[in-house]
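Quick heads-up: the structure tokens below are two forms of one chain, split into structure 1 and structure 2.
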Structure 1
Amino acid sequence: MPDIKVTPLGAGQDVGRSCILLSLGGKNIMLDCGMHMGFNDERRFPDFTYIAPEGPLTSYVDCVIISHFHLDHCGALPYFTEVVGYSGPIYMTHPTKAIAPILLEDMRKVAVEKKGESNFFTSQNVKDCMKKVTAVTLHQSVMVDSELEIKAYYAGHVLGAAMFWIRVGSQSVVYTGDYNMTPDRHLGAAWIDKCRPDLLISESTYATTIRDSKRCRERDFLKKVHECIDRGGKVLIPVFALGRAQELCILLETYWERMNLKVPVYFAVGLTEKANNYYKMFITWTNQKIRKTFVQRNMFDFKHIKPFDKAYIDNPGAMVVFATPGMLHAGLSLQIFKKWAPNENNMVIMPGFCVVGTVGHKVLNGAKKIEFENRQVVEVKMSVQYMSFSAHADAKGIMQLIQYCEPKNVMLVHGEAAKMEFLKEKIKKEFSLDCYTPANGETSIINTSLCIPIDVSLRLLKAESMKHNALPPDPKRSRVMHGVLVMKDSSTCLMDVDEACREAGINRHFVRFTSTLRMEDPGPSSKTAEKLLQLIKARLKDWHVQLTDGSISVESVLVKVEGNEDEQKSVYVSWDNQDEELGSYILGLLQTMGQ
């Protein structure tokens, strides 16, 4: 049996640094190539020496697929292509190709120019890397080579996020990347065909969560923001430039409009202005409502939300600020946090998942004092709120996707080990599927059944459908096709017996089976034959049943009654091997009558 091998170099029982090696049908595919936000040392990038100890890796990897532009999914790509050395094909969607280089460049600036780190990629590396990328459209079938085919499906989550279906020969795998099964204010829900892959590799960030209704969370969020600004406090909402940022902006914009509020709302510029332009550019990737209203009013042209200037940090009075990045691990959001944290009137609302090691994670776990690299200690007196506006699928969403695409095996990645374990048991119990949760560097081997495609002759198909249509409809009846498998040159074809004999140039042989029954029925044997004829006719309404010379015939089946006028009669039933099913049926019918 051909095996599918999967080894996570990142995101195995862990969130961050997604990078999964997939081997199927003799091809090696890298799914995502991300970096870890919680580390600043060599653990930041996946360990590419696992593929080969040194040198260019083009000969070892057939293609790289990037699911979306978040840095934990594409952050190591320039390092992999330009520093380690890979010049093979790279695939991502059009919005991902447009937005990823902006985020990569922004992160490089923070890491190299502000923190002075070495062993990082350069600005030129990012540009050279993006030149190697091939952009794909949704549902477009792309042949990487003569055997390897990939296709992208809409994943929700963020602009341009896609799930990928990958096929080599008869084996197929679906990799979800990050996805969201519920539509939100600016994106639709993930969608995929019933493609029945051998393996579904799914993210499991919220493996144990079933989120309450979105409306409740939105109401709660607005209430908290309003309470804080009423008491003159400042609200900091750390977000990533794309995704939740647009979601929450649309939410606040409509609320400010409705309530006629005058408190300023700011957005840390730079990245996000560009980001909103991309939303306007790739409007087809957003949801139905935004596309409908797009002509009259663009949802991304905000009236109440103004660009933020660093000088506003110390401004007195209430304000709401969206700042990047979302986990408070660097940049402007962290700068503002340090300034505002010691004041109990202020509030920070964390709208999404925070990786272990980031300030966001520490704050959410109740840390009251946070120490920074330069021995600076910040007291956290401000109110800390966590509200999941995360664009990941929750447990219910993951189960829904499994139900949709009907895989034969499931693998969970991009989640915490204990939570995965819980969901793994649930999947086993509900779907009776094998579920794998490999750790980083651990290989899972999935056995798949081998499917051999064969042709079927038209004559055989017609004969089968005539037979099937003659029977009363029954959706549970399986359709069995009898034929001879003929292998010639490199093709395999199922034919009916006469065709196969002609093809092979041989005469057809028949095997005839005969069975004898004893039956108690007084009177002449012709009368018994009459009775049997009526019985068979009643049971086989759509078949041609006739009586000639005292023998009943149906197709190749013959029924003959012999015996004197006394009670004991012998009934002979004979049939050709091709009518095995019909012969056995008539024999069974007569046996029950004889008893």
Structure 2
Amino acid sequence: MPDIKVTPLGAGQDVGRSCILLSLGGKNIMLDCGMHMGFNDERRFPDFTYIAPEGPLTSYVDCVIISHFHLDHCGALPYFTEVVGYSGPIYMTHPTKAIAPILLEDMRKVAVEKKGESNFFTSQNVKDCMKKVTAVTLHQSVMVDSELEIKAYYAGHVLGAAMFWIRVGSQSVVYTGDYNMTPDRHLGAAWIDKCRPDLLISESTYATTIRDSKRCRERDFLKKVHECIDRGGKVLIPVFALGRAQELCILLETYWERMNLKVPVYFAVGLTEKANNYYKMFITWTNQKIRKTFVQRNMFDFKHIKPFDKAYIDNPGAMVVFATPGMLHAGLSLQIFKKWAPNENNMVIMPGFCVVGTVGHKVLNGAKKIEFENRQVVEVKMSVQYMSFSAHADAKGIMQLIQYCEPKNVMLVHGEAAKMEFLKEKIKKEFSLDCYTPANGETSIINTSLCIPIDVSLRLLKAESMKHNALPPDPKRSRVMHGVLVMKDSSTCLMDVDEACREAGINRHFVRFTSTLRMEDPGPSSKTAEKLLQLIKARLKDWHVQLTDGSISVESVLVKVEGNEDEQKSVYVSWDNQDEELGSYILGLLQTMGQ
């Protein structure tokens, strides 16, 4: 089956709810199993009925791969395994396995306990689900079954984020998940080798953005925070508990230290304290600098950043608060937002992308009044800043990754349709690669050329290479391999003809021709033979022409001269059928000379 089929159930021309079905070589793989944060109904989970209308899905899906712990990539996993009933293998990296259940549980609490949603997975579901996960390490080749192989590469998006290379037979696909091509304060840059996949499935969140230098953005961010606290304002930074939060903490910590600032910086307790512990223990997944210095000073022990208490919301004076979740769709960050939004002295800094439908998205789009479910209306007078700290690859980064791994086709997911279109054209133009951008539920079929592995007898291979090496180098000359392919049982092996006959248990039938011609050439027959030899040698410069026991031989062609002195000579030319061209050429040559 030379086709690769890809159907996004989520993240097709869309951000959020990543879930992509991949079929190659008869295997079906689910890439990520995320939920959509912008919906509260059944649309928040991918439509698993697409795989099979009813009944268990385990027989239809060979494995699930989770790229990182963000909920839009793993949020639907407990639902998929515990409610829908998938029981096959699930793969993710160690940090993802450690952190995902915490975020899942946190989200579940917000959804069920605060919003009172039903039809959601339970706390036990999360635990049971995580027990089924196989943790993988970077670059480890994991055989899911005897044919399906996967391998993780560093993606640098969040702690433990990975890109996955997937192979069945000679076909391969790389799925990037979310990734980042520029190292940041705590993570390294994504890396992949020249694995030349048939298809690269890349995220494209920032398909049209070429971000300014990291340093400028950081300066900007610090300047805005500083201005706000100088006028006594409160700064709210909604973040995911893990990931950007740690990077911004490192940034503020060093700034506070340097500027000797006294304004309190708070971090919503619970999640984050624990989160920092994960960072301490998975320090091998952070960047070079942090790994080098962690023995002396662990970057995730913060001096200036203190745990937050809800009572502080109404405290007077300036403060900076990091609170979860990052898209202001629920929880503490939303609670703080409602309190602080009406004051123009305050500021909210959105450091990441917000999904359509979330409060964060509305605020970013300049909404001045926001209505909530309970008819509560909040006026937004505080200043709203968007700082793109989200660690996604920008257009330049995506192009760079394509250059690194040299795919034969590219597919863009996890982005907005219009932006994708722009990047798609760019990829087609710069790399002349086919680029696909399927929508959710739409299947892309990618044709791949399939190389067929066969065996070659070493003797044959070495003979060719010896012959090739003996000749003067000529890049134009094509190297030729000639032999007989023996197809027996399930093996296919190329051998020389005699080996092949032995292997097949048959006898060759040799066909040989001998033609006689008469020649008037007085003198001893050896003299005639000598003349003929010179003639043949002159014509066949690159050939191995030999004279032994009075007969001339070239390959299987033999020329023999008979007859006494002063007599007419008989010249016998004989050759094997396989040297028909050569034999008849030499015969013709001698005939013309004889006349």
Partner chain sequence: MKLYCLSCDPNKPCYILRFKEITLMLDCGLSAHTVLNFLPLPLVPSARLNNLPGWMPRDIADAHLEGELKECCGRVFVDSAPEFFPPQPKIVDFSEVDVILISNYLCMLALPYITEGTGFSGVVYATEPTMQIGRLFLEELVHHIEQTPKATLASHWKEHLHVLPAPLSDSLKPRNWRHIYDMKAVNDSLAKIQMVGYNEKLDIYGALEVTAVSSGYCLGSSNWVINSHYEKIAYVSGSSTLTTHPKPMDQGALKNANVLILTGLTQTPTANPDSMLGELCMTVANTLRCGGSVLIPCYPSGVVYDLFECLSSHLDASGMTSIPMFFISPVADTSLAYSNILAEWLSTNKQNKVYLPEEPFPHAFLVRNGRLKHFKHIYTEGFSTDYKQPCVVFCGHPSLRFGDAVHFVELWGGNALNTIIFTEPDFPYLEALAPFQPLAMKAVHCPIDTSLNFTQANKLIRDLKPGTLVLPESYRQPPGTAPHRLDLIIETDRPLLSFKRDEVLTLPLKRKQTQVDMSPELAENLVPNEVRSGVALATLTAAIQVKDNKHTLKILEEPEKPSSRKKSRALEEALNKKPTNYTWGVLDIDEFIQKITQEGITDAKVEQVASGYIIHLPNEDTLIQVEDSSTHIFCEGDMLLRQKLRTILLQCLNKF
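As the structure is a prediction and not an experimental result, all values here were calculated from the model. Residue indices: 1-based, along structure 1. Definition used throughout: the rigid core is the maximal C-alpha set that superposes within 1.5 Å between two forms.
It is structure 2 that shows the chain in the form predicted together with its partner chain. Once both forms are overlaid on the rigid core, the distance between the two CA positions of Lys569 between the two structures is 2 angstroms or more. Core-superposed comparison between the two structures: the CA of Leu582 exceeds or equals a 2 Å shift. In the core-superposed comparison between the two structures, the C-alpha atom of Ile454 has shifted by at least 2 angstroms. The two forms line up on their rigid core, and Asp474 then has its Cα shifted by 8.2 Å between the two structures. Once the core of the two forms is superposed, the Cα of Leu485 has moved 4.4 Å between the two structures.
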